[in-house]
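One chain is shown next in structure tokens, namely the form predicted alone.
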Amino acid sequence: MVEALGRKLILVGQEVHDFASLLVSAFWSSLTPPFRLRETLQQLSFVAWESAPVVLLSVSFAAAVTIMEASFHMKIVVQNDSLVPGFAALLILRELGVVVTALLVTSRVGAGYAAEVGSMQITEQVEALKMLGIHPIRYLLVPRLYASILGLMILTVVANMVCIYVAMLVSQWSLGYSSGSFLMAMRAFVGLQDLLFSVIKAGVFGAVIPIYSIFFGLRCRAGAEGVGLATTSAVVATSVTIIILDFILSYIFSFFY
């Protein structure tokens, strides 16, 4: 049992070392040329433009549910829902828009990256890149890293705007508040720093997605099962990390409100 535990600790230590090496390599490669602008723009289209329909549809329904549930429970507790527009706008800008967007992009883009790189790994395309003198991290990770960071920041801004608009429509149709009263209540609760911190969160979450996806893709084992396992591991690890980072960043940002 002690021997098995020792082997397990060695494997964990090796994985941590490999992940740290990938982070250092990604950081250095992202700051030095060449930057491969064309590939970055292609990946940006994949991350932002192609993800936009599912993201905007999902966050719209999430915003509608948020404001309706907030009104229902506030009427039960204080018999008044006049603060619902302000609270809903605050929740949308600080948490709902960015976190839901990041998790949806993880399930789509992160899974795609992990499956793509995993397939390249088991078909020895990654080894072929090394033989040609091309660094796999610079070739595979850096364009996706830039695209994911920028794409998620753009999607978050658009998602927040759509969420606010949908919440305003729901407050008009269901709660009886005019658009003017909704915007006045939102202005009392929400400031420019809320949108700024939301965009910062999006940039951090966007960096996490390709890093985990490439890491697990490069460690993919042979066979369809190996690709599936790498994809699942990448999505789960990224989602958990996003939730943890959201808590950490929200705590840090709370000192600036």
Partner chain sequence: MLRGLRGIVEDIGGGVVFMGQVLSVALFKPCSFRSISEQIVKVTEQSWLTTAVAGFFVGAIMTVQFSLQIQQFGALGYLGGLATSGTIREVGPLLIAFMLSGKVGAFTSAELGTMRVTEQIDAIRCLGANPIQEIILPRWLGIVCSSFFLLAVGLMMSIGGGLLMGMFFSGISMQEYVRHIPTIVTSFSILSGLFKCLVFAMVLASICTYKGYTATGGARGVGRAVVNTAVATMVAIVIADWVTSVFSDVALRIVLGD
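Residue numbers count along the first chain shown, from 1. Keep in mind the model is a prediction, meaning the values are calculated, not measured.
Another form exists, predicted together with the partner chain; not displayed. Remarks below refer to it.
- Although the partner is absent here, Thr40 is not a contact residue: none of its heavy atoms lies within 4.5 angstroms of the partner chain in the model of the complex.
- Proximity of Val65 to the partner chain in the model of the complex falls within the 4.5 Å heavy atom cutoff.
- Though the partner is left out of this view, Leu195 does not reach within 4.5 Å of the partner chain in the model of the complex, counting heavy atoms only.
- At least one heavy atom of Phe61 is located within 4.5 Å of the partner chain in the model of the complex.
- For a residue to qualify, one of its non-hydrogen atoms must sit within 4.5 Å of the partner chain in the model of the complex; all three of Phe87, Leu91 and Ala111 qualify.
- Of the residues Leu104, Leu150, Val126, Ile137, just one reaches the partner chain in the model of the complex with a heavy atom at 4.5 Å or closer; this is Leu104.
- Interface residues of 193-208, taken as those with a heavy atom within 4.5 Å of the partner chain in the model of the complex (partner not displayed), are limited to Lys201.
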